[in-house]
Structures are given as structure tokens and as C-alpha cells.
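Next up: just one chain, as C-alpha cells, the form predicted alone.
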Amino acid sequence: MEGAGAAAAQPPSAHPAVAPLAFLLGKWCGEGEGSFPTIAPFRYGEELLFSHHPSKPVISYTQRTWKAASGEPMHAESGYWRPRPDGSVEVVISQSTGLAEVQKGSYDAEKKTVTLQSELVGNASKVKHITRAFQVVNGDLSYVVQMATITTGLQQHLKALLKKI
């Protein structure tokens, strides 16, 4: 019985399709900053959760932010990441603002990077294009989100540095 108990204590292995993105799995927390020509710069706290059930070839994603100074809730989004064997990844995200994104991109498991760009930005009257670039370096997750609107070309909107908790 001792051997069975030890085996049960081991975390389950990731689904083979998800394994290349295992570096993202877990809860991440940190701070970021946002800017865009049409808004005042701001700072925010953030929590990201990448979770996964070993029987499914998909990663669940949730994100929430709050004002750095007051802790007041800001933005939230959730969705699914589906890595493909060819190094591509398909992502769907639903934002608390009502905006929906379908993104496609690529990952490099060795470099621990993911780059995404929108294929579709739905229910958005002004936002036309979104890119997201994630990277894990020295155990920290950083990302940059760029955005284009009907009046402004693609440029940085958000960037953050998060630590696994």
C-alpha cells in the first residue's frame, strides 16, 4: 500500500498535446502597466491562471486585474488555449467588456514563448486587431499586448511581469 500512496501523491502528467506549453501551467501574479494614445497611462495588479485536466488537449485560461493603488476590480477574461502538434496554438478569449477574440499563433517550448495574433475580434466597435506575446524567463512570465483600433495603428497597450505562486 505504501507504493500506491506515493504514486497518488504525484501530480498527473499533462495531456501530450498540452505538454509543450506546460511552462505556462499554474497561477501567476504580478503587476502591469497600460497605455494607449486615447487613454491615460495606468498601473494594475494581475492574476493569471492556466489550468488543465490531463484527459483534455486544452488549457483553460482565466485572467483578472485590479487597480494597483486601490485594489478595485478592472478587467477580466477567460478562454481556452489549444496547442497543435505543428507548433501552432489556437486561442479563444471572452472579455468582461463583451469583446471576444479568436487568436492563432505559435509556441516554442524550448524558448518558452507564445506569440498570438487575432484572427477575429468580435463585438468590438473600435478594436480591429490584437497581438499577445508571452515569455517565461528565469521563472517569471512576461507579456506584451498590442492593439489597433479604427483610428490608431498597432501599438503596445499592456505589459506585465508575473511570478508563479
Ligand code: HEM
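What you are looking at is a predicted structure, and each value in this text was computed from that prediction instead of being measured. The first residue of the shown sequence is 1; numbering continues from there.
The following text describes the form predicted together with the ligand, which does not appear among the structures shown.
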query	finding
Output flag, 115, 160 and 164 jointly within 4.5 Å of the ligand in the model of the complex, heavy atom basis	no
4.5 angstroms heavy atom contact with the ligand in the model of the complex for residue 70	no
The ligand contact at residue 137 in the model of the complex, heavy atom, 4.5 Å	no
Residue 18 within 4.5 Å of the ligand in the model of the complex, heavy atoms	no
Interface membership of residue 99, the ligand in the model of the complex, 4.5 Å heavy atom rule	yes
Stretch from 107-115, 36-44, 51-59, 23-31 whose residues place a heavy atom within 4.5 Å of the ligand in the model of the complex	36-44
Sequence-ordered residues of 113-135 touching the ligand in the model of the complex, heavy atom within 4.5 Å	126, 127, 130, 132
